[in-house]
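Shown below, as structure tokens, is a lone chain in the form predicted alone; questions about how it binds or moves come after it.
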């Protein structure tokens, strides 16, 4: 999908009002929240905020990654991680068959269960599942990857990764109808029936679009998209559709995936997407108020 081109206004011009809209403005439908898997994420504050929102009647679907845990586990198991950079600048994990198994153990066996544990302790009726369960996330395994190393592009053909192309929302809708909060982790399922490493940000964006969500919140260990990374004072606060393309060019590293996920969700009909900070108290509520980089 080609995104609209345009220029991004400076943060001083695009800053939203101090208080922003009340969370209820964007919680009449489902809110999809993606919690990043990088270091520095505070589960306790996240879970406490989710519990408060659920008690107030907000319907949530939580998606999470597991990049930091996967890296730690891979190193402990003697299979150090390898990261690839595509010609367009997107960064991804090299996923051979052994790495795929480690990825599954980290995402589903460690992060997902830990997050469900935190939520249930606070009274949230959370249910953990992966993109494989119920055929929730389906996509094609990539035939090959192109990676740039020292200025040279090489082709990799034995990677177990792919992009979510179809979301079957029935399992999520059934869980929510029963009063449960779904907590979803990669991997996805390929069209050939193999598990595949998929980017959780983009999977969350596809899920938000398929559910017709009122908001998509992508929370990580930075405040949003930074005009001059890593200067947090250079936060870009608002981007309209005409600015999505340049926002993606400004984003660095894995932030590019978040911009692509957020912009694709808005184009698919999600009312608002926010790339926000998971390191703060009430990170979900803050993002609902528009704290971070807002795409609409």
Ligand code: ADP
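Positions refer to the first chain, counted from 1. Since the structure is predicted, the reported quantities are computational estimates derived from the model, not experimental observations.
One more form of this protein exists, namely the form predicted together with adenosine-5'-diphosphate (ADP); it is left out here, but the text below deals with it.
- No residue in the set 29, 58 and 272 has a non-hydrogen atom no more than 4.5 Å from adenosine-5'-diphosphate (ADP) in the model of the complex.
- Taking non-hydrogen atoms only, residue 254 approaches adenosine-5'-diphosphate (ADP) to within 4.5 angstroms in the model of the complex.
- Contact annotation for residue 250: at least one heavy atom lies within 4.5 Å of adenosine-5'-diphosphate (ADP) in the model of the complex.
- adenosine-5'-diphosphate (ADP) in the model of the complex comes within 4.5 Å of a heavy atom belonging to residue 41.
- Within this chain, residue 169 is remote from the site of adenosine-5'-diphosphate (ADP) in the model of the complex, having no heavy atom within 4.5 Å.
- A heavy atom within 4.5 Å of adenosine-5'-diphosphate (ADP) in the model of the complex is found for one listed residue only; from 107, 206, 119, 225, this is 225.
- Screening 45-53, 262-270, 238-246, 30-38 for residues having heavy atoms within 4.5 Å of adenosine-5'-diphosphate (ADP) in the model of the complex returns a single hit, 30-38.
- Residues of 185-207 placing a heavy atom within 4.5 Å of adenosine-5'-diphosphate (ADP) in the model of the complex: 201 alone.
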